[in-house]
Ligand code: 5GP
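Next up: a single chain in structure tokens, the form predicted on its own.
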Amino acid sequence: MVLNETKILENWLEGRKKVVITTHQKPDADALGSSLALANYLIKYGHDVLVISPTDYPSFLDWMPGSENVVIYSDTLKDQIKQSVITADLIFCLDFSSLNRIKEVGEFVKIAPGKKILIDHHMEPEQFADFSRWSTKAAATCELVFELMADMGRSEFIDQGIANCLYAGIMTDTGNFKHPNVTKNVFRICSELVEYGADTGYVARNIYDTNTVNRLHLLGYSLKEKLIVHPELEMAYIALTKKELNQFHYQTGDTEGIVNYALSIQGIRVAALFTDRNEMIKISFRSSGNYSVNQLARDHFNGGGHKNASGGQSNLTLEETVEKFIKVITETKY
């Protein structure tokens, strides 16, 4: 972002402002980390800040400073949340590229008269924001938020809690620094975050080494009983029914990372995880090399994301959705 662009945002932030920050449904570490890091940063500016999540999020993110103040959308809070959004001076939209990714909250954002700021790294963003900091070259939204903080010249506001949140988002969206989106800029920012106090071991333990017994049992069951491999298609998938999720007392975040095990199989270039939710089939896609699961998700499963990591959904049954996936993989090259 060039200086004059940053100045626009700084001008909007002059004086005490009412700020709303929102992120995508089922927020991960990058979504929640960027939101809470920015919230804590703007609070130090003296602004009134509210973080709104369209859904709940994994309990292994509860350690993030300010998580106890996040307002999670529900029907009982609908009117209160709508009022907060439409009366906000500034609305920051983090880690999503279209308003349908924030469910009902997106309708409030759409009609809100306040300035809308998009900070995101996903492909093909919807044009709804008054100001955007968007780049698919960024490994994580937390990377963009850190650079924004640095550009605004108040990096002294970055404390250990903010640094931990930003590091968490970068660590997870790079697959613990394994994905091809890792750049020298990623390492530069992470080294600076360590200087600001980021405790890399603490963050990693909270995210990767904080499991319930049920979550581990679900992982074991998924790999032993549900993993289907099609070596002739260089594809593998796991499909979990509502009954199976209930059997292991599923909680938000319990299936996080399972799809990566399918992709890790030698000779597999594309993998998927299908989970049967009450209102739809949720799909996580992963790929390696030049295979674009972003395009696959956009073309066939009402989704999108990144070239090698995307999400989608289906209103078909679980069995029909899997059959459609196999058909697409068989007939189409991405």
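When you see a residue number, it is the position in the sequence shown, counting from 1. Quick caveat, the model's predicted, so the values are computed rather than measured.
There is another form of this protein, the form predicted in complex with guanosine-5'-monophosphate, and it is not shown here; the text below is about that form.
Between the options Leu42, Leu50, Ala309, Ile268, the residue in contact with guanosine-5'-monophosphate in the model of the complex by a heavy atom within 4.5 angstroms is Ala309. Checking Gly303, Pro54, Gly66, Pro58 for any heavy atom within 4.5 Å of guanosine-5'-monophosphate in the model of the complex turns up a single hit: Gly303. guanosine-5'-monophosphate is not drawn, but in the model of the complex it has a heavy atom within 4.5 Å of His122. None of the heavy atoms of Arg133 is located within 4.5 Å of guanosine-5'-monophosphate in the model of the complex. A residue is said to contact a partner when one of its heavy atoms sits within 4.5 Å of a partner heavy atom; Arg101 meets this definition for guanosine-5'-monophosphate in the model of the complex. Proximity of Ser284 to guanosine-5'-monophosphate in the model of the complex: non-hydrogen atoms within 4.5 Å are present.
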